[in-house]
Structures are given as C-alpha cells and as structure tokens.
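For reference, the chain that follows is the form predicted on its own, supplied as structure tokens.
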C-alpha cells in the first residue's frame, strides 16, 4: 500500500462516521420537534378535557410561571438576589384592579399599564442595587415586600384597604364558544407564550451574554466592556415588569385583590419555587409554577396543616437530590438515557 493510500484510508473511514453523526443529529432534532408539537397539542387541548377547577389550577401555573420567569432573569441569569419579588407582583395586580374597578377599562388594556408601572419601580430599585450585593441586597428587597402590605392598607380610598377590591372576570367573546375558565386559560397561555418567547430571544442576544458575564464574574465582565450599572439596572426593571404582568393576569383570574394576598410569604414562595424548578433554565419557571400551585393543593387534601410542612420538606428533598433543581434533574436523566441508548446501539 502506498503512502498516499495509507493517508486516504482514515479519511474514507471517517466519512461514514460523519454521516452517521449527521443522521443521529437529524433524528434527534426531529424528535425534539415532535415532542414540542405534542406538548403544544396537550397544552391547547387540556382545558377542553378538564373540569373548571383543574383549568383554574393550570391557569395559576401559567401566572406563576411568568412571575418566576422574571425572577429567573434576575437571579438565575444576572446573579442578583431578590426577596421582594412579590411586591412587583402586587403592583401589577393592583394596577389592573384599580383600572378595572375605578375606570372601567377593558381587561387587556390594563396589561401594558401594569407592566409599565412595575418596570418603572423596578428601574428605581435597580439604582440602589448597584451599590449592594448578596445579603445586603436581599435585605433591601425583603424590606420592600414587608412595608408594601401596610402601605396598601393605608390608601383605602384607592386600594379598598384591608377589604380589597372585588372585580369581574374577562367575558369570553361569543364567537369563541369558550367557557369563562377556558377563556381565562387561553389569555394566560398567550401572555405566557409571549413572555417566554421574549426572554428566550433576549437571552440569545448580546444582552443575554452580558447578563451571564455579570453573573459569572463582574470584574471580568467590566474588563470586557460590559456596562455593569446599565445591565444590572435593566435586569431589575425587566424582572419587575414580568412580575407585574403576572400580577395583572392574576387579577383577571382571581377577580379579587387584597393586601393579605401579597405578604412577604409570596416573595419567599416565588424564590423557593424558582430554586426547586431550576435556576438559569427556561423550564425552571414552569416546573416551579407547578410546584407552587400543586404541592400546597395536594397536601391540603391530606391535612389542613400539612401544606407548610410538606412544602418545606419537599424543598429540602429536592435540594439534596437535585441541587440544580427539577430542570437539572430532568436534563441529567435525559442525558443518561441517551448514553444508554447509544451504548446499546454500539453493542448491537
């Protein structure tokens, strides 16, 4: 065999291997698209197969998923801690409620107002956050969540005080043929899809790379030309805006707001739900929303005093079994399954 033939042989052997890798990649991509299509179909058909209470629960999962998406943008992607996210949730809820109750605006029209006000307040909080980090930043955001409830009660003429405000739910248009709970579900689904698509595009852009650089190492990010003050402030504003959007949809769904619904417990629950779902992942907010809604509901069926205990125990268990959250656990399971299947194919 000549020298040129010896050199050409590995190239010829590599061609089939490359072809097999391309086929596997194509098949994997197709399976991902099929899985996504199946998920979309299940999400769209769910309200037609479930009783109204279950549809309401799914709607609340979507509401909390949007709130956790905003918190994830701040904590999971920008590396900034917040224990006061429930305050922005309340701002969005009360903005929508006041516009509906006092001014009679259509439900959808209240959404941009709630988002804008929460964005402005988040922008204001982002300024002092530039000088704080870690525990100190957590305490400042916690203080906001603590004084919000007394502040709402004080302006009784606007907020309804401790009694709150009772509202009307969105009425489905006649042409849809949908029930009230189904219409609310699809409204929440549309808002959730838009929020996730926006954040997904944001994270894949230059802004997302800047946020990740800040999270990983602020000094290195600054050396690379990332404007820390600009991106950290905007991270708070965007996060607060998504929480405000979630609060607005919450008002549509519950048709009632009261100060006791937005105590500091809500902020802690949101952070716990995000940690359990998985920080820094797109699936984390959805899994966290499922955790926040269904764990208290299922444990309530066992015992009225069980929700708090079960909630705390499950957080401990998840942190021990899956430190990166349920999304990380699902990712590891998928990778392990893929490796086993690949090994079986090679042995075959």
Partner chain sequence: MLEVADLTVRFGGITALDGVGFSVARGEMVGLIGPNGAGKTTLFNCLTRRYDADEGTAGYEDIDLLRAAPHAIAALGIARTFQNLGLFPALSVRDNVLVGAHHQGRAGFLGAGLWLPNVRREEARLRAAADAVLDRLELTKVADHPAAGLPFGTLKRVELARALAVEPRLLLLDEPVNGLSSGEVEEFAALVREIRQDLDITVVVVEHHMGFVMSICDRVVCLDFGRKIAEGSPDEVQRDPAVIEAYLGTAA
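Residue numbers count along the first chain shown, from 1. Just so we're clear, the structure is a prediction, and the values are computed from it rather than from any experiment.
The form predicted together with its partner chain is left out here; the points below concern that form.
Screening 108, 143, 158, 220 for any heavy atom within 4.5 Å of its partner chain in the model of the complex leaves a single hit, 220. Of the candidates 272, 99, 187, 234, 234 is the one whose heavy atoms come within 4.5 Å of its partner chain in the model of the complex; the others do not. Stretch 202-210 is the answer when you ask which of 82-90, 202-210, 244-252, 120-128 has residues with heavy atoms within 4.5 Å of its partner chain in the model of the complex. Although the partner is absent here, residue 198 is a contact residue: one of its heavy atoms lies within 4.5 angstroms of its partner chain in the model of the complex. Proximity of residue 264 to its partner chain in the model of the complex: non-hydrogen atoms within 4.5 Å are absent; the residue sits far from the partner.
Not displayed here, its partner chain is approached by residue 215 to within 4.5 Å at the level of heavy atoms in the model of the complex. Although the partner is absent here, residue 225 lies within 4.5 Å of its partner chain in the model of the complex, judged by heavy atoms.
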